[in-house]
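First comes one chain, alone, set out as structure tokens in the form predicted on its own.
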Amino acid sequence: MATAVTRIDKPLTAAIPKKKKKWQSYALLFILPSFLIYTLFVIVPTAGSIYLSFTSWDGISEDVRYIGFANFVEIWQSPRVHNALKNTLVMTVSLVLLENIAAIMLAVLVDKVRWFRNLFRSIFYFPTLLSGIVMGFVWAMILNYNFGVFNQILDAIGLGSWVVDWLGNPKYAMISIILSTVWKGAGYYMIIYLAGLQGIPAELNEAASIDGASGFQQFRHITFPLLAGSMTVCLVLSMISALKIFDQIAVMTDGGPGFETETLTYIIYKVGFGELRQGFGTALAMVLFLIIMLITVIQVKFLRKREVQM
């Protein structure tokens, strides 16, 4: 009886690896086109950029001269790059905090609304649909010193002393870019937080309300901790987006006044295409890539640990 069982089992066990191997070969055929496209448009240009970062190429001529680590030494010593790095970090911290705070507030507000909920979602999400260029032009006109709507409103309500050149004054140019970017991006993160809010069981807040907890206490001890997963996603996305900010600066201030709003991404563009120093610009892009990767890894590790603790 035992020998009969073993004779039946052997063909079955032998057939499983063959089927699995056949399935894997089909899977590779489906993966291959995407892998070739990814290699052609991502891996190959990245490898080329690494090489160009060690050259003095101007982006036009065929003279690609290898200069070693000279570009990276100049990046380390350049006051302009140091200023751009400082502006980038200031904008990143400000945008990450303000965008997520505004997004959570909007998500809670929309989640509590009983009437016209979809209308409010659409209104708050609409700025996200605008490109950075369009948004920049809109806010550049709103904040224009001579005919901008914002200054006209201030003057009309008797606050003429508050009228300033919002984009031409070094004190207010960066603040103007940050607030306009928050206006554009908060709606996107609101949708993510709203999905997290709708995943929280209503029984938890009902039980807390019966026990006498106020609305703020419910948010602090129930809602906020349970939004940890959504917060991880939003903080990482907003951080990466802030580090790469470009469109708004290009349209609204062109990096000015002076170099007050020049960031790493914008200086890469100005140096690479304006000053025809593609080698130096590519080296700076490599540095920015490493900064983004390092900050992202640290941020995700910290936030994942926070999720477990909550």
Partner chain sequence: MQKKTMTKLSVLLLAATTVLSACGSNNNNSKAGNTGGNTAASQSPDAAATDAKKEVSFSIGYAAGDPATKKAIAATVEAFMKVSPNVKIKDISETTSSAYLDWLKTKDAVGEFPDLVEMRDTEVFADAGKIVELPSDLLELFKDPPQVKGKVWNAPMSVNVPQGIIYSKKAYADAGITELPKTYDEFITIQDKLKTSGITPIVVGGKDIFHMGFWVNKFLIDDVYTKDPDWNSKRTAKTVSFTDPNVVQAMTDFKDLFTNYVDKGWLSTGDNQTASILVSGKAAQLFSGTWMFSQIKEADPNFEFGFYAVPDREGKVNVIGLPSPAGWSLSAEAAKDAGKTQAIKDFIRFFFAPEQYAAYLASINAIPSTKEKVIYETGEQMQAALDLIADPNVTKSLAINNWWGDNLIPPQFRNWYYKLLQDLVVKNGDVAGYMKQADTEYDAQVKANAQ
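Positions refer to the first chain, counted from 1. Since we're looking at a predicted model, the values are computed, not measured.
Unshown form predicted in complex with its partner chain; subsequent notes refer to it.
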N144, T128, Q218, T232: which sits within 4.5 Å of its partner chain in the predicted bound form by any heavy atom?
N144
Please pick, from L264, M252, A242, L52, the one residue with any non-hydrogen atom lying within 4.5 angstroms of its partner chain in the predicted bound form.
M252
Is A140 close enough to touch its partner chain in the predicted bound form, meaning at least one heavy atom pair within 4.5 Å?
yes
For D111, is any heavy atom within 4.5 Å of its partner chain in the predicted bound form, or not?
no
4.5 Å heavy atom contact, L167 to its partner chain in the predicted bound form
yes
Would you check, heavy atoms only and a 4.5 Å threshold, whether P45 touches its partner chain in the predicted bound form?
no
If the criterion is a non-hydrogen atom within 4.5 angstroms, does every one of S56, P257 and L276 touch its partner chain in the predicted bound form?
yes
Sequence order please: the residues of 56 to 84 with a heavy atom within 4.5 Å of its partner chain in the predicted bound form.
S56, D58, G59, I60, S61, R65, I67, A70, E74, R80
